[in-house]
Ligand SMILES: Cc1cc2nc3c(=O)[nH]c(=O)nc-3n(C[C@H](O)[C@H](O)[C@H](O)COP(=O)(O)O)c2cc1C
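Shown here is one chain on its own, the form predicted alone, set out as structure tokens.
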């Protein structure tokens, strides 16, 4: 099929593909810049991005803010005409400070989920930056549209609609995920496409709808484009690329994962997540890990009750200690069988879209 670029306000990405944000350190400047160079939208995750800074253990907040600025500037320098964004969780401690640093560094797009980013329009006032909430339901999309319209006289440039097949934390409960086949994600996308029209008419502005979660091939992308979506967000496939910022052991955990290795796991933040069921997951499912250090990373996390420290678990895996760390992955991750380059992956996806 023929396809258009992805419109994000007055920006246009050549390809209708947003690379999903992956913390901790999985999608930093290297991956984001490579995706943007190929015509997609490169996304840097703010989640504990300073994990490899020298003073991270002593001053995690300062290290994260410094690293965030560094990675945005580096990515923008590497692809001067590309679109570079960040993904920031609403549950992030010092959320406003992270947003401010990203704005000062000249980020093009802010994608925000893991909660309702009610005050994001206020935080970006005076900056020519595009904003995009992540939602998992029509109800959440309706709430954001109504609040932003009434309170800030603004609507999103993009709405990312994340489905139940994504990796990482999910906006669905365990019962829904156990009956995943009964969830009609296409209907959710179509309902949000219908919902946004009255707001577009009021503001004379287009809101791009971007589905996410479990999208693997160019044919998958084409199916959503035919549904009326403007593009897609995909993350898992970008892990097994040479440019991904993770350790090679982390990438090979994706290559080696079988379908039965991927499942829903318990997360310290109270939301279900999809990850590789490795030795670490087996261990913490049987006994609570002793927490010796709190990084104050996420608001919902209580170190006295949490089964394990999510920051420590994610840092272990991104550094290559994959048997003793958390490896988030989308449910189609088992299909990955090799390490490739971002360009080769993007070319493959484009060919798939055109064939469909």
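Bear in mind that the values here come from a model prediction, so they are computed numbers and not experimental data. Numbering follows the first chain given and starts at 1.
Just so it is clear, the following notes concern the form predicted in complex with the named molecule, a form of the same protein that is not shown.
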Selected contact from 254, 280, 148, 224, since only one has a non-hydrogen atom within 4.5 angstroms of the named molecule in the model of the complex: 254
Here the chain is shown alone; which of 212, 109, 229, 99 has a heavy atom within 4.5 Å of the named molecule in the model of the complex? 212
May I ask you to state whether residue 41 is within 4.5 Å of the named molecule in the model of the complex, using heavy atom distances? no
Residue-level contact is defined here as any heavy atom of the residue lying within 4.5 Å of the named molecule in the model of the complex; does residue 235 satisfy this criterion? yes
Might residue 85 be said to contact the named molecule in the model of the complex, defining contact as any heavy atom within 4.5 Å? no
Report whether the minimum heavy atom distance between residue 156 and the named molecule in the model of the complex is within 4.5 Å. no
Picking from 186-194, 71-79, 259-267, 160-168, which part of the chain touches the named molecule in the model of the complex when contact means heavy atoms within 4.5 Å? 160-168
Within 17-55, the residues that have a heavy atom no more than 4.5 Å from the named molecule in the model of the complex: 20, 21, 22, 23, 26, 45, 47
